[in-house]
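Presented below, as structure tokens, is a lone chain in the form predicted alone.
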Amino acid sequence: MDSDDEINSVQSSEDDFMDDEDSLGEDFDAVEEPDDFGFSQDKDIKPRKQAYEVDFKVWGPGQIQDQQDKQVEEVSAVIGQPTESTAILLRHARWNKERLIESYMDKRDEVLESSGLSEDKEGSASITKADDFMCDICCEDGKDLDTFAMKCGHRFCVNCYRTYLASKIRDEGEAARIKCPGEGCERIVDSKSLKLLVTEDLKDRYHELLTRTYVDDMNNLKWCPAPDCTYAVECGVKQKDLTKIVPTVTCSCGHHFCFGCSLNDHQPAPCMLVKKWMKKCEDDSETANWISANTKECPKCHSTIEKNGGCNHMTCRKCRHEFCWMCMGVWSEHGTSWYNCNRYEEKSGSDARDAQAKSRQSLERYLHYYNRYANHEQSAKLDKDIYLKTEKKMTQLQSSSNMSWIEVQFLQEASQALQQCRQTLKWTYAFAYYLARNNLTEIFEDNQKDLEMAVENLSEMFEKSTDQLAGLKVEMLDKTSYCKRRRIILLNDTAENLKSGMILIIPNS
């Protein structure tokens, strides 16, 4: 854990490169110089990956297609099938090359049959005219009706077949594994049949879906979830590692997201905690404050009870237990003097009050973290409004202070830092809710506090008038750099403790 003194000692050396903090692998860890005042040998200084970063690579649509073509050619050379047939086999095997080659060598005919590539000429795909035939889909019959059937023998009129395929491709987004429309038939419509039946206006969509199927079938590839983005991201983090790693990646479109769950960046909270927290907030946050202020739990069955009258004699509708609303004691001990409740020390009331206090304490603990989580979420939205107006403010500052466009870029940098730090702070409170109390928790909260204070100071400066901003340039640059460093320190420390298992998670929070 770095102290504030250590941070200040490396501030001047880090300012030059902290601006590139958003790029993977372009941050350097602060490394103390050895106590050696003599000359040292020159060494190549290489950027070192932060503890919270993961290796990833972004692939464009053309690169994804090249990857597919390369794998098809490699497998085609091994099994001796044409490239088109090999592509069908790979899609059927969900692009698992090793499994396909092994199964093909052992059970060649079965693999060809299951993938719709049987070499039996009787099952070749073609449109034929049929007499005395009635389509089971549209009930159309007549002479010289164009029909189509695969080797499974389920024959339908061409118009119905084309409508079925169009619905699958256009509406359901399916391409590589479209099944025969016959009831209960599992046979996959092969590529030759699709080329024969798919209309020209759907062929581009069909090929696009084939590419999407490739990415969806690969465990180490995921599409960027940003709207209209066509890039895919490759990351080697396994599903089993998601309890100790938060694999945040950055697409070429600029979108930051978690490779594990595809949600927006939620460092430092692991995916499982994010899922639990979001469900808890959805279930509890709207009613938690009201429950805390207006209800109590039955001392016997712990059902939540709202007082609906002035009388303190309460009867639980669920278990029929009678108790006093004031002291939570058994009502039978109160006699007829319910209005003079002074029996605080009786055991039944004491136990009930202890249980009530424990329940309220749990609720208040949740509200503590939720309110701060929600506050940073709201602040991030307000900061985003500022970000959208930043360019206008930069233009105003440029004209009023005679600064160049390059010189006013510090506002853009400060706005981006605010957005990123708010996002991190928001999730630190969700993360902290599930942490068991120990020394590491206190260190985490100290880091959280330092980052929060720095962010609030920067946010306050950003709201100054345009006339004041020119004089705050140096101070804002320093505070922006400091916010970035505090965020890196918090994320690094948390990531290291997560990987080592030193941070303990409360299982039933």
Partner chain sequence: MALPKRIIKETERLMAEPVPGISAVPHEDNLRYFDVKIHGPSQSPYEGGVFKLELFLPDDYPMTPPKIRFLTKIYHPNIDKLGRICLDVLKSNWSPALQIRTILLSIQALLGAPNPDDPLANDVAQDWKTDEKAAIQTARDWTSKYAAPE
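Since we're looking at a predicted model, the values are computed, not measured. Numbering follows the first chain given and starts at 1. Take the two forms, superpose them, and find the largest set of C-alpha atoms that agree within 1.5 Å; that set is the rigid core.
The same protein also exists as the form predicted in complex with its partner chain; that form is not shown, yet it is the one meant from here on.
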| item | value |
| --- | --- |
| Its partner chain contact at Cys301 in the predicted bound form, heavy atom, 4.5 Å | no |
| 4.5 angstroms heavy atom contact with its partner chain in the predicted bound form for Tyr373 | no |
| In the predicted bound form, Phe156 touching its partner chain (heavy atom, 4.5 Å) | yes |
| Touches its partner chain in the predicted bound form: Cys253 (any heavy atom, 4.5 Å) | no |
| Of Phe410, Phe148, Tyr164, Tyr433, the one that lies within 4.5 Å of its partner chain in the predicted bound form (heavy atoms) | Tyr164 |
| Answer option from Cys152, Ile137, Met272, Leu196, heavy atom within 4.5 Å of its partner chain in the predicted bound form | Ile137 |
| Non-hydrogen atom within 4.5 angstroms of its partner chain in the predicted bound form for each of Lys203, Pro225 and Asp228 | no |
| Location of its partner chain contact in the predicted bound form, chosen stretch of 179 to 187, 100 to 108, 67 to 75, 245 to 253 [non-hydrogen atom, 4.5 Å] | 179 to 187 |
| Rigid core superposition, Cys185 Cα moves 2 angstroms or more between this form and the one not shown | yes |
| C-alpha of Ser167 moved at least 2 Å between this form and the one not shown on rigid core | yes |
| Large Cα shift (2 Å or above) at Phe156 between this form and the one not shown, core-fitted | yes |
